[in-house]
Structures are given as structure tokens and as C-alpha cells.
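This document starts with one chain, in the form predicted alone, laid out as C-alpha cells.
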């Protein structure tokens, strides 16, 4: 019995060492990616005749110099967290949900309709009803490409892109006709103002933080986004559905052979992705504007793809990636005011960063895979074939 205890202990320590070494390798790879992106970005900035250190300093100061700057960064990050999660959960099942853009646009219309149609409800019931309406709107719009994928084999990239265009036209028709404001002649097409009790208050307003002005819409949707990250982590790594999702994403054929219904799993995860997409536009609708107009914020769904890639499709990495993108968005103001650089330079830097991270993680993943293969071969090799000093 005493001879089995050390073996058991070694067996339990080996996976832990492997996990720690893999995490360390990925961390080093991520730092290397940031360093490479910084160097490449510096070359581009120098080509414009500016000092890279000054540019990076401006971006940092405009993001963290004052409490309202930090709040602005987190305000920018809020919709990107939901958008990144929506993309990531679908990707875990091997699906490319390019339709987050259309799903959140339809969800905003559903939320606005709920806020206006259920205005008789008290606030503590109206706000959850509006949030549920947004989730249902996103789920309904995501269900179409999901069913087409499972029933007809239509590729979800094509169908979700087509659904984006339909969503834009549908919401434009809604604002122009049944949901058009009853306030008379207006320059901008929009709905009526939503009831104030249906809006999401800012954190500064609730807590009485005077250093953050009312023009910064850092609302309680940000903590809700962090809660969503935790719930997605639980779903993916602590539930049976999460196991099935990861199995389907790794190999749909093997998952099917193992008794997992690939089609049912794909539909479920697509609906969850649509529900998360339903929250993407709510900070704009319920925190900032207070109505749905034709000038709603766009491209949040496509930016979620960037966030998902930078966060490696993991619920812990996505909020960090969203905050990073929020910093770059906030830094555009400083670049425009204090330098002669075009604001598009930050889009270029963002693209360089994405490429650097993707390349770094691919190299690290290949190295980890080769090392594991070598360890497996070493364990399977008979003792007689090993060097004498290794067996001594």
C-alpha cells in the first residue's frame, strides 16, 4: 500500500504541473504578443512623424487620468463584453455567429416595444420585463440561422450576415411606421421617449459619485456583464450542456458517435448566443438615449468578434479584451486633440494587436502540443529502450 501512495500522488500532481506550465506558456505568449504589437505600432506611428511613447502615453492618460475617464472606458467595454460572449459561446460549439449585429438591433426594438407597451408596470417589474424582451428578441433572430443550419445545412456565416441586413431594414420600418414617435413633426425618426422607470441608472447616480458627470453612461449593465461572464463560465465548464458544446466544437463526428445530439446542442447554444446578444445595445438604449432612433450605435456586433479573439473565447479573457478595446476607443479623443495622427491609427493598432495575439497563441499551442506528444511517447517507450542513465 505504501508503494501505491507515491504513484497516486505523482499522478495527481502531473496534471497540475501540466496545467500550470501551459498557463505560464500562454501568459508569456500573450506578453510577447503585446510587445510585438507595440513594436509594430511604433514603426507605423514613426512613419507618421510622431513619437510612439507620446502616443501610448496619451492613450493611457485619457483612459485612466480621472475617474470619469475610467468610467468612460468601462462604458465602452460594457456592450463589447456581451458581444464578445455571444460570439464566444457559439464558437465553442464550432459555430460562427456573425449575426450578433442584427440580433442586438432587433433586441433593442423588442426592448423599446416592451418599455412602451408595458409602461403601466412599476419600475421593479418593468426593468426585468424590458431585459427579458431584449433577450427574447435576440433569441428569436438567432433561431432562424440555427434552424437553417441544423435542418438544411445552410452555413451560419451566410445566413447570419443575411439576417443582419434584414434586421436593419426591419427596425427602420418599425421606427418609420408602428413605433414612430407620436410627438408630431421631428427631424430624426425615433420612438417615443421610454418611461424613465424603464431606464438603467448610472452607477455614479446611484452611489452619489460627483466626480463622474452625468454625460458618462457607466450603468449597472457593466456589473451585469461581469455576472454574465461568470454564468457563461459555469455553463461551459461546469454543466453537461457545456461539455456537449465543447465536444461538438472539438469534433462533431466524435460527439455524435458518443451519443450527443449535435443539432440540438447547436440550436441551444445559438439561442444562448442570441440571448447574450440581446444585451449588447441596451446601454445605448436604456442608459444613454432613452429612445430607439435611426441613429443607434452600430458595429458593436462585429467588434465583439475582435473581443472574442483577443479574449481567446474564454469568459475570463473577454472582459479584459473589452476593456482594452474600450481604452483604444477612449484614446481616440486624445489622439485627435494632441497629435496630428488620424484617429484611424488606433484601428490599425487594434488590427496589429489581434494578429500578434493570434500568431503568438498559435505558436504557443503548437509548442504545448509537441511537448505533450513527446511526453506521451516517452511514457509509452519500454524501459529497455531508454538510455541507461534514465533508468538508473
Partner chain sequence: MPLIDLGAAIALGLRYFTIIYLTGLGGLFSERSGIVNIGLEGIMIIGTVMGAWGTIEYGPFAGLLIGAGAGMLFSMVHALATVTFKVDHIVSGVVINVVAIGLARFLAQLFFGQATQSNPGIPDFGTISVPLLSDLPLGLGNAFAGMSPVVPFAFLITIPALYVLNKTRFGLRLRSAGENPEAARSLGVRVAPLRYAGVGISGLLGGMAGAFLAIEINGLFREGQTQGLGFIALAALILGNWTPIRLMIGSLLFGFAQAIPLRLNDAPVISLLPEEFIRMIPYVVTIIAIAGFVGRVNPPAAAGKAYEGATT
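Since the structure is predicted, the reported quantities are computational estimates derived from the model, not experimental observations. Positions refer to the first chain, counted from 1. Here the rigid core means the biggest group of C-alpha atoms that line up within 1.5 Å when the two forms are laid on top of each other.
What comes next is about the form predicted together with the partner chain, which does not appear here.
Mapping the unseen interface onto this chain, residue 291 falls outside it, with no heavy atom inside 4.5 Å of the partner chain in the model of the complex.
The partner chain is not drawn, but in the model of the complex it has a heavy atom within 4.5 Å of residue 169.
Not displayed here, the partner chain is kept clear of residue 49 by more than 4.5 Å at the level of heavy atoms in the model of the complex. With a 4.5 Å cutoff on heavy atoms, residue 347 counts as touching the partner chain in the model of the complex. Between the partner chain and the residues 125, 299, 207, 316, the one pair within 4.5 Å by heavy atoms in the model of the complex involves 299. Proximity to the partner chain in the model of the complex, defined as a heavy atom within 4.5 Å, holds among 199, 139, 133, 163 only for 163. Using a 4.5 Å heavy atom cutoff, 148, 309 and 366 all lie near the partner chain in the model of the complex. Shown alone, this chain has one stretch from 317-325, 153-161, 238-246, 260-268 that lies within 4.5 Å of the partner chain in the model of the complex by heavy atoms: 153-161. Interface residues of 347-374, taken as those with a heavy atom within 4.5 Å of the partner chain in the model of the complex (partner not displayed): 347, 348, 351, 354, 355, 358, 359, 362, 363, 366, in sequence order. Relative to the superposed core, residue 360 undergoes a Cα shift of 2 Å or more between this form and the one not shown. Comparing the forms between this form and the one not shown, the C-alpha position of residue 332 differs by less than 2 angstroms, with the core used for superposition.
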